[in-house]
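Next comes just one chain, in structure tokens: the form predicted on its own.
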Amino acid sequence: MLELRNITRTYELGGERAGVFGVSLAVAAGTVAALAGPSGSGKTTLLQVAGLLDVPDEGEVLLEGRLISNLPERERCALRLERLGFVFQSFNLVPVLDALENVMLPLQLAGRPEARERAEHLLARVGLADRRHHRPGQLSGGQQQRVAIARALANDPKVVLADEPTAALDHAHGEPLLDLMARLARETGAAFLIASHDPMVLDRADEVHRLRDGRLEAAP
């Protein structure tokens, strides 16, 4: 489903060359893969390349066998909206919109006439039908992240990319959230790639790819 081939993306940090170097990995449809490693290991850099938010210096990103990393920005933007979903550590919900409106937003941007119906269905799937008219400030951290997951799934993405999705949550809220993501991966067929150093994430992943100093470690 998602394939990264020999990705290199570097930048200067404190006078030294940082980033990711020659990373190759694949995430199959309907599975959850974890991208593990300490802070500064290159997890976020690799996610940004995988999500077409950044362009690799070298290497290729493929989605369903199609090379997508060399597309013009207009096509990359359309792919981000229609084929990729994003979940962030800080939720990134629009504070003046309620949960339903937040989930409707990418649907409306894609011009889908069934935006409200689809958003209500997704909020029900993540257990928040009764909170659909609450704004982010009226929701717990775990509930906000569930809204973010519903939003990420709005346009039936092939890939969902999550950057430290449990970092702002305690164990009681993080564990059921991860169980939800694993279930949704199986049910929707989307490939989930989660960057995290949270042991709960690594324990639940179908596959774990470990980065250190920007390079993929060999499997033990």
Partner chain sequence: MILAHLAFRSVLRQRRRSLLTVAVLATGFLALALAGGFAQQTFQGLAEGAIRGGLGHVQILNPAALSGDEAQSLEHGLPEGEALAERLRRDPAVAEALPRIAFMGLLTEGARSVAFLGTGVDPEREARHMASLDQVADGAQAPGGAGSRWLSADPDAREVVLGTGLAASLKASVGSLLTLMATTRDGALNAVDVEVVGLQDLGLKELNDRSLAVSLATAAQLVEAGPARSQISVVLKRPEAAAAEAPRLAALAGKEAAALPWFERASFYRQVKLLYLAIFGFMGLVLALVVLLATANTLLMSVMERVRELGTLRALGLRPGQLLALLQWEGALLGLAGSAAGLALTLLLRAGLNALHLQLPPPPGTSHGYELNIHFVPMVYLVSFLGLQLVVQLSALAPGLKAARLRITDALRHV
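None of these values were measured; they are calculated from a predicted model. Positions refer to the first chain, counted from 1.
Just so it is clear, the following notes concern the form predicted together with the partner chain, a form of the same protein that is not shown.
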query: Position in contact with the partner chain when the complex is considered in the predicted complex, options L97, A115, L139, L71, heavy atoms within 4.5 Å; finding: L97
query: Proximity to the partner chain in the predicted complex, single hit among E164, E175, E60, D54 (heavy atom within 4.5 Å); finding: D54
query: Heavy atom contact within 4.5 Å of the partner chain in the predicted complex, the stretch among 166-174, 45-53, 60-68, 23-31; finding: 45-53
query: The partner chain in the predicted complex: contacted by all of A124, R146 and T188, heavy atom 4.5 Å; finding: no
query: Proximity of R9 to the partner chain in the predicted complex, heavy atoms at 4.5 Å; finding: yes
query: is_contact(E120, the partner chain) in the predicted complex, heavy atom dist at most 4.5 Å; finding: no
query: 4.5 Å heavy atom contact, C77 and the partner chain in the predicted complex; finding: yes
query: The partner chain contact in the predicted complex: L109, any heavy atom under 4.5 Å; finding: yes
query: Sequence-ordered residues of 151-166 touching the partner chain in the predicted complex, heavy atom within 4.5 Å; finding: R151
